[in-house]
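The chain that follows stands alone, in the form predicted on its own, written as structure tokens.
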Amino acid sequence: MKKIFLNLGKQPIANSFLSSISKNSLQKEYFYKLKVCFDTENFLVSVKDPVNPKIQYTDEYAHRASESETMRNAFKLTAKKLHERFKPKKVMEIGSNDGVFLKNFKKNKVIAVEPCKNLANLTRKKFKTYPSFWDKKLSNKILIKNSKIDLVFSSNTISHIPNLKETFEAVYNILSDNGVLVIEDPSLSSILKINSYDQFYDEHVYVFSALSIESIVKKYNLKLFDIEKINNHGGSLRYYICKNKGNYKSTARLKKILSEEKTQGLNNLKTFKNFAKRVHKSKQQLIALLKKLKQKNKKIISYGATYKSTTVFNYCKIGTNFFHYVTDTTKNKQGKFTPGMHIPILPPEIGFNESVDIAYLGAWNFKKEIMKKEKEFRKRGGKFITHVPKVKII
């Protein structure tokens, strides 16, 4: 049974950056109610009422995974690791974005699945690309001209698909008998530990745990046989899944993480109700800090027009009342306005100048990369603020 434990209020589509804030544009802006629930039967955490994917994943989708040095390096290492461990003859990625993972394999070995047409147009120049949403129909279409797949990889995508039944049945259909599905997604355990409630937004229909994945895949003749903790996005898990008849045995680290999650209470509704209280407290503390800085006439901006920051800005009602603007290196975000709160977005070479006193870390999950890059800002007395794991000035 699904139980609501967190209400993050009215939210916009996180990737829907506005080109204009004219009256006509604002009237067309889409909002939904972001309520998060816990399933007491399979321990799955999800958005209560998911947004239609066709509204989210359009030919104007803004995120480019390859624009982050951290993610480029992470995907390169992951590709090498998976290739060495499983030696796949055929690799497919669900949600291939701009090809940052698949480019590490030989072109004739890979298949990309990417529903956003603008991104699919980038990858189809390099390798076979299917510009469609992942489902059983597409898996059958791919099999007409291809052999079964030995390695299906999906990073931060399976958790975006509302219909898990269709998703896993399609995966089972396309996997070779000893093939492996590898999923990377934000860790529910990490989110609770560092209070990163901004991991909840429209695209993250689900936030998985090992307990929930183990429970869910069983229904589709699949089994979770291994798991790995990784640092991406403030703490993620990499799940290794195969068919029930696959030649893979459960690893010791899987058993260890399942035990840790039970100890943490990820199978208990009370744990999530306590988390909701911490989220509310974080909101109050962030607003109080911004008000204090504003009273001291500090110029505050946000560093990174991230999807996660969309949740924070709209939940806390933070806009140009606190931030002068947001800076972001992504070209197709520049010159636009953030969803919901309509803060202007500038390129950092213009906006991140000596007039800035304080920068909010919208991209807190790239903190190390940012601290290294912005040494001069810190040397001259510039400060960063964050709400993860708690509200503070860095």
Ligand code: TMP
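A residue's number is simply how far along the shown sequence it sits, counting from 1. Quick caveat: nothing in here was measured; it's all calculated off a predicted structure.
FYI, the form predicted together with the ligand isn't displayed, but the following is about it.
Checked against the ligand in the predicted bound form, the residues Leu18, Ile385, Ile370, Ile13 give one hit for a heavy atom within 4.5 Å, which is Ile370. With the partner omitted from this view, the residue of Phe366, Phe43, Phe352, Phe337 that lies near the ligand in the predicted bound form is Phe366 [heavy atom within 4.5 Å]. Segments offered: 104 to 112, 253 to 261, 306 to 314, 157 to 165. Contacting the ligand in the predicted bound form at heavy atom distances within 4.5 Å is 306 to 314.
Using a 4.5 angstroms limit between non-hydrogen atoms, Thr330 touches the ligand in the predicted bound form. Using a 4.5 angstroms limit between non-hydrogen atoms, His233 touches the ligand in the predicted bound form. Interface residue remark: His342 is not counted as part of the site for the ligand in the predicted bound form, having no heavy atom within 4.5 Å. Counting a residue when any of its non-hydrogen atoms is within 4.5 Å of the ligand in the predicted bound form, there are no hits in 283 to 298.
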